[in-house]
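Here you get one chain, nothing else, as structure tokens; it is the form predicted alone.
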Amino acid sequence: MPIKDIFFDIDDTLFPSSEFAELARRNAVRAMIEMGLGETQEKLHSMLIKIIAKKGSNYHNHFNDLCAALKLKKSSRYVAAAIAAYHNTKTSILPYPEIPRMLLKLKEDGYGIYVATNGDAIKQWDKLIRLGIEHYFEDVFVSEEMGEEKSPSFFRKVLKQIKAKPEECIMIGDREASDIVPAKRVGIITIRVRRGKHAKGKSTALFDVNNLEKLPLIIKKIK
């Protein structure tokens, strides 16, 4: 049966999310120090990473919690400086070099292209827009709006919405647990991208790749 639809994760699949997040966080704590906070960059960065690990990357008050942990009575200027520096870093994000041409090729070949990702819907849309690739996708499915993170149920809902059969679809992502396993359980073909902080470890995907430059050729092999 021919492949008709392709789902992409965003982070460390379409752009180097891990690298961006690290740069943005270091820029944020540096801005707090430049605002007059008398702490070292490494201490602040270490504390921030622990807060993120505990509260999750979609938590909205990381810098507030960091200032609370430092027992600062007047923290607004430090939080504002951190947030400004973090968001200013977003102006530098770019997709992986092969992504725009690859997406264009898939569109020209007639495939339906979608995003299937966990996270906050506005944040994920913000990434796609800043990357300049939002118009390639026919629809974007985000866990916040779907009511659950990527799971067999998540993918069944997606398939129902686009009226597709699982064997006609491919899911492409960097994480074994959230991108590959749940998609496979409903019969979707999977491709694992070995990039970012989840590049290592066991893979049960049909194909493992280091980049997506040759994805159109791989899809032809699957067909």
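So that there is no doubt, residue numbering starts at 1 and follows the sequence shown. What you are looking at is a predicted structure, and each value in this text was computed from that prediction instead of being measured.
The protein also exists as the form predicted in complex with a further copy of the same chain; that form is not presented, and the subsequent description refers to it.
- Residues 15, 50 and 69 are none of them found to lie within 4.5 Å of a further copy of the same chain in the predicted bound form, as judged by heavy atom distances.
- Residues of just one listed stretch (28 to 36, 42 to 50, 171 to 179, 189 to 197) have heavy atoms within 4.5 Å of a further copy of the same chain in the predicted bound form: 28 to 36.
- At a distance threshold of 4.5 angstroms between non-hydrogen atoms, residue 84 is in contact with a further copy of the same chain in the predicted bound form.
- In the predicted bound form, a further copy of the same chain lies farther than 4.5 Å from every heavy atom of residue 105.
- Among heavy atoms of residue 113, none comes within 4.5 Å of a further copy of the same chain in the predicted bound form.
- Contact annotation: residue 145 falls within 4.5 Å of a further copy of the same chain in the predicted bound form, judged by heavy atom distances.
- Residues of 119 to 157 placing a heavy atom within 4.5 Å of a further copy of the same chain in the predicted bound form, in sequence order: 121, 122, 125, 126, 129, 130, 134, 135, 139, 140, 141, 145.
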